[in-house]
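What follows is a single chain, given as structure tokens, in the form predicted alone.
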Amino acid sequence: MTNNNTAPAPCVILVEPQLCENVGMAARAMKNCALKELRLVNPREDYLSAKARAASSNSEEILEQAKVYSSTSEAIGDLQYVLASTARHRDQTKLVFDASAGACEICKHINRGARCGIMFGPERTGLRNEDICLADGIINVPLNPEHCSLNLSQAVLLIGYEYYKQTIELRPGELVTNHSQIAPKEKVLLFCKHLEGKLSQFANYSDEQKREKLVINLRNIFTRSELTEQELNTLYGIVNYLGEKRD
């Protein structure tokens, strides 16, 4: 779902982050995912410190433009749709999404012109009940139940990436051939014949029944592999080299 609306991307709201390095790494994760607006609720350390800037890895502009609020309600006051990232529902009646579905829901609201945000809690405790109750829904990332806690910046990156995927045209898998062309079947079959010729001196190849099966297996291997012409030339070189060594 590509975002066709002029409404901005969701802002990231870090509620009472403890370590300035984590704020810096969260800013880096945001920039990876084309998220620009950072809001901080009572950060414990200086989010503009040298440590934070270093951790942001060339994402200082996000830190410099971040806004600081004294409460969560103030930080989300101008937003119309907010999701809270938490591993615990805390016995509240809320819509719960995984990261992908949550990102899709955010994009739906953005496409309607809504201002949206995603809340993340303190590193040690996560969001509190009084923060979660302000959100429209919860993003719960299904992870290994034996160890499901995420570093703050990891959570921002994971959910931010799911949002970013919704805003771009994803390309299907493609074979990158590094400027070499896929070899036509004619050339592949010529190589197979070359290889079969080299094998003709082996005992198994003189047995007609075994030779037929061997030829079929070899041709199956090479014709289904989408060999490039460069790879085919490499195989020729190897086969010729091994033939010379044996002679």
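Just so you know, these numbers come straight off a predicted model, no measurement behind them. Residue numbers run from 1 along the displayed sequence.
Another form, the form predicted together with another copy of the chain, is not on view; read the next lines as being about it.
Problem - another copy of the chain: the contacting residue among Q209, S70, N220, N178 in the predicted bound form [heavy atom, 4.5 Å] - result: Result of the distance check: N178.
Practice task
Give a yes or no for L158: in the predicted bound form, does one of its heavy atoms lie within 4.5 Å of a heavy atom belonging to another copy of the chain?
Solution key: Yes.
Practice task
Please check if F97 has a heavy atom lying within 4.5 Å of any heavy atom of another copy of the chain in the predicted bound form.
Solution key: Judged by the heavy-atom cut-off of 4.5 Å, F97 is in contact with another copy of the chain in the predicted bound form.
Exercise for the section: With heavy atoms only and a cut-off of 4.5 Å, decide whether I132 touches another copy of the chain in the predicted bound form. Expected result: Judged by the heavy-atom cut-off of 4.5 Å, I132 is well away from another copy of the chain in the predicted bound form.
Handout entry: 4.5 angstroms heavy atom contact with another copy of the chain in the predicted bound form for V141
Key = Looking in the predicted bound form, residue contacts with another copy of the chain include V141, since a heavy atom lies within 4.5 Å.
Exercise for the section: Tell me, please, which stretch of 76-84, 144-152, 124-132, 111-119 lies within 4.5 angstroms of another copy of the chain in the predicted bound form when heavy atoms are compared? Expected result: In the other structure, the partner sits against 144-152.
Exercise for the section: Scan 42-72 and write down, in order along the chain, each residue with a heavy atom lying within 4.5 Å of another copy of the chain in the predicted bound form. Expected result: S57, N58, S59, in sequence order.
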